[in-house]
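Starting off, we have a lone chain in the form predicted on its own, written out as structure tokens.
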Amino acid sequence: MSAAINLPALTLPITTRRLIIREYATSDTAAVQENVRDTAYWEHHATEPPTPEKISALVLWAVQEQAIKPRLNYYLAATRKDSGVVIGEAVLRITDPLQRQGEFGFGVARKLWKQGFATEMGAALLQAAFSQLKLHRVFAQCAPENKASIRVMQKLGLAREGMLRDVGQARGKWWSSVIYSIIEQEYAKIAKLQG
């Protein structure tokens, strides 16, 4: 990527009603391993369940990404505001700086499913993507069987664009991916209604 591209940086941490979304530290590795130990966490992911070594490498990569300028990858820890405990991951990536395109994602520890944390995380990431990073379009994707993630994307105002069929192979089968997106004008209307 050309150094001439002037990208705004994300101001962290991001605080919501119940969460603090912050940079990862290598000391978070054990908490991440605890959250992803449950096989249900990976049920709808087109990857092999990660080993402790892969988790350690992922957290180290997230820490190293913090120093890259301009920064394209924000792999962040979602923590409870009341306890500081890492409950999941919040991901925001600039996929095409020139066209102002980005992708976001989220993961929540199984013991906290169905409590609105994914929606809270997603809303914070979208707000940051459009107001801080000045993106034009933000998308998210998941397996078509992942009804919970699809509900979150719909609640956040994303529109279904389509499905990429058999785009990955893991755990002995092919995986498809549904794509949802929202553009800045749509997000501005939703934010105005909620504001």
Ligand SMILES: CC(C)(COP(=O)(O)OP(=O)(O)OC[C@H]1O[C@@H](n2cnc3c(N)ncnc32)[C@H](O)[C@@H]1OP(=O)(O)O)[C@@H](O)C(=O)NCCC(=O)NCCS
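Nothing here was measured: the structure is a model prediction, and the numbers come from that model. Residue indices: 1-based, along the sequence shown.
The discussion below concerns the form predicted in complex with this ligand, not included here.
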Original post:
Using a 4.5 Å heavy atom cut-off, are 157, 189 and 195 all in contact with this ligand in the predicted complex?
Top reply: no
Original post:
Though this ligand is not shown, can you say which of 94, 77, 124, 118 has a heavy atom within 4.5 Å of it in the predicted complex?
Top reply: 118
**OP:** Name the single residue among 147, 134, 54, 37 that comes within 4.5 Å of this ligand in the predicted complex, judging by heavy atoms.
**Re:** 147
Original post:
With the cut-off set at 4.5 Å between non-hydrogen atoms, does residue 32 touch this ligand in the predicted complex?
Top reply: no
**OP:** Decide whether residue 128 counts as a contact residue for this ligand in the predicted complex under a heavy atom distance cut-off of 4.5 Å.
**Re:** no
**OP:** Please run the contact check for residue 152 against this ligand in the predicted complex: heavy atoms, 4.5 angstroms, yes or no?
**Re:** yes
Original post:
So, in the predicted complex, is residue 139 in contact with this ligand at a 4.5 angstroms heavy atom limit?
Top reply: no
Original post:
Does any residue in 14 to 45 get within 4.5 Å of this ligand in the predicted complex, counting heavy atoms only, and if so which ones?
Top reply: 41, 45
